[in-house]
Structure formats: C-alpha cells, structure tokens
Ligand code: CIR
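Just one chain is shown here, as structure tokens, and it is the form predicted on its own.
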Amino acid sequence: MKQHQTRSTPWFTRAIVRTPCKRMVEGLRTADLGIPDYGRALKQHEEYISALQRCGLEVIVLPADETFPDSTFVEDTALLTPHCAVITNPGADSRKGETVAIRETIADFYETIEVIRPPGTVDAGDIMMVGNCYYIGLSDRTNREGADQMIRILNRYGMEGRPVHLNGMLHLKTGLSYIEKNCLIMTRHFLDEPEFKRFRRLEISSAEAYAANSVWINDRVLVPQGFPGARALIESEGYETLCIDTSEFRRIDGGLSCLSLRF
C-alpha cells in the first residue's frame, strides 16, 4: 500500500473562529444534554481563542451571526489545505448559507478556492488530514457524491482522499483525531478499521469518548476538560496538552475541532 506523507512539524499560523450567536441554544443536536448556557459559552469561546493564541496562532474572530444557530462551528464550512481552500456544502439544510461569509473571509488568504456542488454534501468535520492524505467520513452529513468531488479536487493539487464508512457517528472526527507522529487517538469504533492499521492507535475509553475529538496544534494537543483518562493517555506518549472547557458546545454536538479553521 502506498505510504502517505506524514508531516513532522506542519506549523499552523492562523485560525478562523466565529463568536457564538444567541441562537446557538437552537443548534442541531443528536443527544439530549440540555440547553447551552449562552453566557458560559461566550466565556468558553474566549478561553478557546486564548488557547489557540498560546499555540502561536493569529486568530481571526468573526462576529456572531444570528441567522445561523450553528455558525460558531466554522470547521464544517471549509477545508483549508496548503494548496487550496475548498468551500463545502454542509449536509444540514439549516447550515448551507454559512459558507457565504466564510468564503469572503478565506478569500483574504487563498487565491485558489474550490467548491463542493450539489447534490454532493460535505461537512469538513468529516475530514481528517494526515500529511497529504485526507480521510473523508461518509456520514449523514457527507455523502458519497460530496466525498468523490472532494477527492477529485485534492487529486488536482497533488493530494489524496480516502473514504471511510461511518456507522452511528455524527462526524469522522467525533471519534478520531490525528495528533502527528503517526499517532491516532480513537474510540473503539475505529480500532478494526483497515485504513488505520498502520498508525499507532491510542484507544479512548467509551466513558471519555468525547475526548477523541482533540486537536494537535504546533506540538501541543488541545484536550476537552473533564476527561482525565484521555489526557493522561495522550501525555503518556510525550505530548504537551492544554485542557479547554467546551461543555456548552458539547450540548449541541460541538467539539474542539469544530470551533476553528486552522491553516
């Protein structure tokens, strides 16, 4: 099997985030964890921005957009690669309009912008980057047509895309994260996935499954607060971690990676 390039130090320099809007309490959700506390969510978002800055990133903060309850989850609207940006077509109808403002922002940084066209749908929360290879989860939000379009775009710029079938999981990165050095953290759901056999795999317990969505940024790993087992497991592999409280975003299916576009 072809070996993919795995970057040893892909330093990120910027991130785009969007301030949560008051309507986030109406956000999409698959679990009943209660209504988010808006004031507390704003504080957690500020702490998230501070963590990104501690990792050396310049953070572009977009204003709250009351038109779209889920608009703080900017990751789903675009894939930012070293060679091009790709505007997605989110799988939830209520989120499709979010891409307009994101494209305007990205145009300040990318000359080459591609677009996923209907009937293809893609949430970038379903895409995990490993060097020049992008694993694409086929989910309720990302269909095969969208994944095929994304793969063709990646191929045009010398990159590769590989589809991964999901079963009962919102997004690929809900239960799987690449933290560099050929290492994946994952829930049991992915342990037997043939695509990931070549990686060093760290299993996150079912009780702490939410922490499988952790984020590597410039030699640090952001880990959600409240999951000590996951944090200890990641640190046991030699990683420095930063704990971030995202409890209010978890209530509407959001995790650490969802809240920013890193490039």
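All residue numbers are counted from 1 along the displayed sequence. The model shown is predicted, which means the values in this text are computed figures rather than measured ones.
What comes next is about the form predicted in complex with the ligand, which is not displayed.
Under a 4.5 angstroms non-hydrogen atom cutoff, the ligand in the predicted complex has Leu28 among its neighbouring residues. Taking the partner from elsewhere, Gly125 is found to have a heavy atom lying within 4.5 Å of the ligand in the predicted complex. Although the partner is absent from this view, Ile116 stays clear of the ligand in the predicted complex, with no non-hydrogen atom inside 4.5 angstroms. At a distance threshold of 4.5 angstroms between non-hydrogen atoms, Leu170 is in contact with the ligand in the predicted complex. Just one listed stretch, out of 100-108, 183-191, 142-150, 170-178, contacts the ligand in the predicted complex at the 4.5 Å heavy atom level, and that stretch is 170-178. A heavy atom within 4.5 Å of the ligand in the predicted complex is found for exactly one of Ala15, Ile252, Cys21, Ile244: Ile252. For the stretch 66-102, the set of residues having any non-hydrogen atom within 4.5 angstroms of the ligand in the predicted complex comprises Asp70, Phe73, Glu75, Asp76, Arg95, in sequence order.
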